[in-house]
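Below, in structure tokens: the form predicted alone, a single chain.
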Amino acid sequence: MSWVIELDGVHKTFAEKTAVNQLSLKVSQGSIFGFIGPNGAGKTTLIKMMLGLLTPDQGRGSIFGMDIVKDSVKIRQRIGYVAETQSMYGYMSVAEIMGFCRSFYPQWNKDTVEKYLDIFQLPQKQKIKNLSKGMKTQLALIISLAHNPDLLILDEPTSGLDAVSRQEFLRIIIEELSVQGKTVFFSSHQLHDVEKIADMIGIINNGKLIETRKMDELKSTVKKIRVVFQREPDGSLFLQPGIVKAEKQGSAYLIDVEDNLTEVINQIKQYPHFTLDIIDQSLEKIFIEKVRGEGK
């Protein structure tokens, strides 16, 4: 496995508040890593440390095998970054900001820029200060892709985009970047967007990474089971590995399963029952349950 991002015990505190708490993770080459968490969970702080904009208090990290502190300039030459809030020179036009940014990147690809300008229909003579939030995000994406980065880091990139622009944004990530073997680190509150494109998921809460798993594995093993037994089952049924919660709702039991799904179902079937339904869970429902469980 070729790791693009490797973080080991990264820790950051601001005024006695821990923003990122001993966090370790790895992101493999060519993957789309969805990084999700509540507001204030530490997502942006971690991204800024990865970019060398903040220095960890403890721990270490590397990107492309280079240290995120010592080699931050070299790392940024191979990264495209789209922040949640765009800070650009408002007096410049779209064409002027492109020319300005081009001077920093020897690998700047004019054809790539023109292609995406056409896709998003951005007016090149328009002043940046007069662009909508969504148009500024599109402009930031174009700039981030213009130098053919090996890693794209996105921090809430689809906020402010309308439905059509959001779909086009996601299509570019899936159909163009992923097939080229690029690595994408995608932090977002838009869980439906993450669910559509990510192959790996990391969930952060209160600065701690509480879950890292493949998306298909997460969706295939995290389920709810609704079962109506013919008679009350033995309480030990709900203590087996994989079951995280079981509660009675009227005549039915609603059972939350995170692992060992097949064995759990087989054990339930040992008891006479009237109905047994397996309920798929969206990423949003899984996320809410995990964050709630972490807070208990």
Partner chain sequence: MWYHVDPHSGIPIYIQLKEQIKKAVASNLLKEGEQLPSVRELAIKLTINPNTVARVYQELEREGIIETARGLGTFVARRREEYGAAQEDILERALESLMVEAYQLGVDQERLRIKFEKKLDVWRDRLKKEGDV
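Positions refer to the first chain, counted from 1. Just so we're clear, the structure is a prediction, and the values are computed from it rather than from any experiment.
Not pictured, yet referred to below: the form predicted together with the partner chain.
> Pick from 219, 224, 127, 189: which residue has any heavy atom within 4.5 angstroms of the partner chain in the predicted complex?
Flagged contact: 219.
> Though the partner chain is not shown, can you say which of 269, 70, 248, 245 has a heavy atom within 4.5 Å of it in the predicted complex?
Going through each option in turn, the one that passes is 269.
> Taking the partner as it appears in the predicted complex, which of 233-241, 29-37, 57-65, 255-263 has residues with heavy atoms within 4.5 Å of the partner chain?
That would be stretch 29-37.
> At the 4.5 Å heavy atom threshold, is residue 281 in contact with the partner chain in the predicted complex?
Residue 281: contacts the partner chain in the predicted complex.
> Is residue 102 close to the partner chain in the predicted complex, meaning a heavy atom pair under 4.5 Å apart or at it?
Flag for residue 102 set to no.
> Can any non-hydrogen atom of residue 110 be found within 4.5 angstroms of the partner chain in the predicted complex?
Flag for residue 110 set to no.
> So in the predicted complex, does residue 199 come within 4.5 Å of the partner chain, heavy atom to heavy atom?
Residue 199: yes, in contact with the partner chain in the predicted complex.
> At a 4.5 angstroms cut-off on non-hydrogen atoms, which residues of 165-200 are near the partner chain in the predicted complex? List them in order.
Going through 165-200 in order - heavy atoms within 4.5 Å of the partner chain in the predicted complex - the hits are 167, 170, 171, 174, 175, 178, 179, 192, 195, 196, 197, 198, 199.
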